[in-house]
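Same chain, two versions here, written out as structure tokens and called structure 1 and structure 2.
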Structure 1
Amino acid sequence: MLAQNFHSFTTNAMGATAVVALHAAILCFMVAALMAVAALFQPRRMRMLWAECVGGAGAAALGTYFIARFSEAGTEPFSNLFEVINLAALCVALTCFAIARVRKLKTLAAFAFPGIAVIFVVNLLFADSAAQGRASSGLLVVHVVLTLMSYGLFFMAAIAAVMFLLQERALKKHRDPAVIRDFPPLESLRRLVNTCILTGLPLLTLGLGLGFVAMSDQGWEAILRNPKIPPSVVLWGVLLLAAAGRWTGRLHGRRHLYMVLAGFALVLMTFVGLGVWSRSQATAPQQQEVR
């Protein structure tokens, strides 16, 4: 049902180039997710490089999608929640590639690509139910870009936290599974989590500030009904608590990482809840017309 609504929505709302590019991007990331997980558990049969190549093709297709959308619809993708989430997936993919190269994290794709696939699945809830419109000012465009960059960094922090906890558990039990052999040292993962949080918090703070400054009177009146605000506020609160916990020393070691993962789950649940609510709001008028 969701896939059918997604297909009909994309076909009616955008041009053929954008439709083909978006479908290709989703397919590539789904395949890349399966390949990356297979490479993690069966490195002799599947190479992570192959998964990265397919994921790179997905990122290129998603980039082509947004080039087509910006050409045909101007700034509309910055105000449509469905497309903002797709843009977030692109930011996560680019952040993954950048961190994997800079920090030399060969196994990062095994966690990032499945996460991106989950983002696309969750985004199906917003197909045909996200508000259409145009970003009315450059400030709003910068607001969206900064916010999505912070989402990408927090996503990477959550992945690094998972990798840290898996490796630490294996070391405590004196196990050496093939899954974690290519993981970076624990201290490198810990620094990566802290760097992502301490970088993402100022970016999100600035992004939210610009968004509130550029918000129109109508936007302030409908602020509680804006589906893009609750997840950003929730994420800002999570990042603030995680950073404050590290600064004060109240959150350290595994507790800090558990806080990051709990916050990630909370943000994801917020998105799912908004998707269900948006879809119920969109289908309510149709049900009333049928009656």
Structure 2
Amino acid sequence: MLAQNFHSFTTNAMGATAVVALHAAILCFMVAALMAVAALFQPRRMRMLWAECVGGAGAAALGTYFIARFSEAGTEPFSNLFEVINLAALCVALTCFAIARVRKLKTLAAFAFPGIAVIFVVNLLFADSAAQGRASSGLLVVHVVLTLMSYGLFFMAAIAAVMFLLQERALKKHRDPAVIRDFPPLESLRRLVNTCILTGLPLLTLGLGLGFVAMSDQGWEAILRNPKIPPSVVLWGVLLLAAAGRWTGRLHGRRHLYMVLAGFALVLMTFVGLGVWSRSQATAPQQQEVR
């Protein structure tokens, strides 16, 4: 059903090059996710570099997809939720590659690629309804891009936080399990979390601000009725508290990281929940018509 839904949607909505590139990208990221997880647990049989190469091919295919889409449909990809989520997947992949290189986090791909694969699956599930979501102005497009970039950074922060918590627990319990032997040191992970939060928070602030400005003509009531806004504001508040708590020294150790994870869980809930909600909203009138 998932494949059928996606196939019918893509073949109707876009050109052949874009369809092939998108299929290739999804396939590459699925394979890369499996390879990266295998490399994490069986480092002697599978190398993370191979998974990164396949993931790189996926990112290249996704880049080709956007080039094809821009050339055939202009800026339309920015105004369509389905495409914007694909853009988010590309942002996450590129951020993962950049952070893995700069911070020398060999195992990051094992967390990032499955995450990207999940983004694709969720997007495929709601391909039809997501394609109906539209961004109407340039400000809104900038808002979407900035918000997605901040979400990408929070995603990395969440991955680093999970790795930190696993590593810290093993060290506290005096264990040396093979699975986490190649994890980066706690100090690097901690710095990565802080960098992601401190970079993502201004982006999210700016993104939310632009979103409010872009929607101001619809009135505050319409803004407050938008289901994405309350969780986004709460996420902003949670991460601001986490950053402030860390900066003042009142929030430290595991509690700070739990807060970061809670923030990311909120992002997931916002998107997945919204997908389900918009799908049910879209199907309800149809069912009524059938009756």
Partner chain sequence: MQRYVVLGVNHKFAPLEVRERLAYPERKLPGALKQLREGLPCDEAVLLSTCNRVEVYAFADAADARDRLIAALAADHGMKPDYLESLCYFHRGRDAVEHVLRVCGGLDSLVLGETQILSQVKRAYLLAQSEGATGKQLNGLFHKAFHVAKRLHSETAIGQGQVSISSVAVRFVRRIFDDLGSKTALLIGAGEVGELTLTYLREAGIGRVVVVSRSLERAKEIAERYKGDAVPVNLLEDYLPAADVVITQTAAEDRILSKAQFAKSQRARGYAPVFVLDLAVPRDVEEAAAELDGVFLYNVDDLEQVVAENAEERSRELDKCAAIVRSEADEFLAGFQTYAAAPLITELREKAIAVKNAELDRVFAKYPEMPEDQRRELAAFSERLVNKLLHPQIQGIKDQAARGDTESIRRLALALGIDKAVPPAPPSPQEEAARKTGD
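For numbering, take structure 1's sequence and count from 1. In this text, rigid core is short for the largest set of C-alphas that superpose within 1.5 Å between two forms. All figures in this text were calculated on a predicted structure; none of them were measured in a lab.
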property	result
Selected structure - criterion: the form predicted alone	1
Did Y258 shift 2 Å or more between structures 1 and 2, C-alpha, core superposed	no
Cα displacement of W50 between structures 1 and 2 reaching 2 Å, rigid core superposed	no
Core-aligned C-alpha movement of L208 between structures 1 and 2 reaching 2 Å	yes
Core superposition result - C-alpha of L235, shift between structures 1 and 2, Å	4.3
Shift in Å of the T248 Cα between structures 1 and 2 [rigid core superposition]	4.0
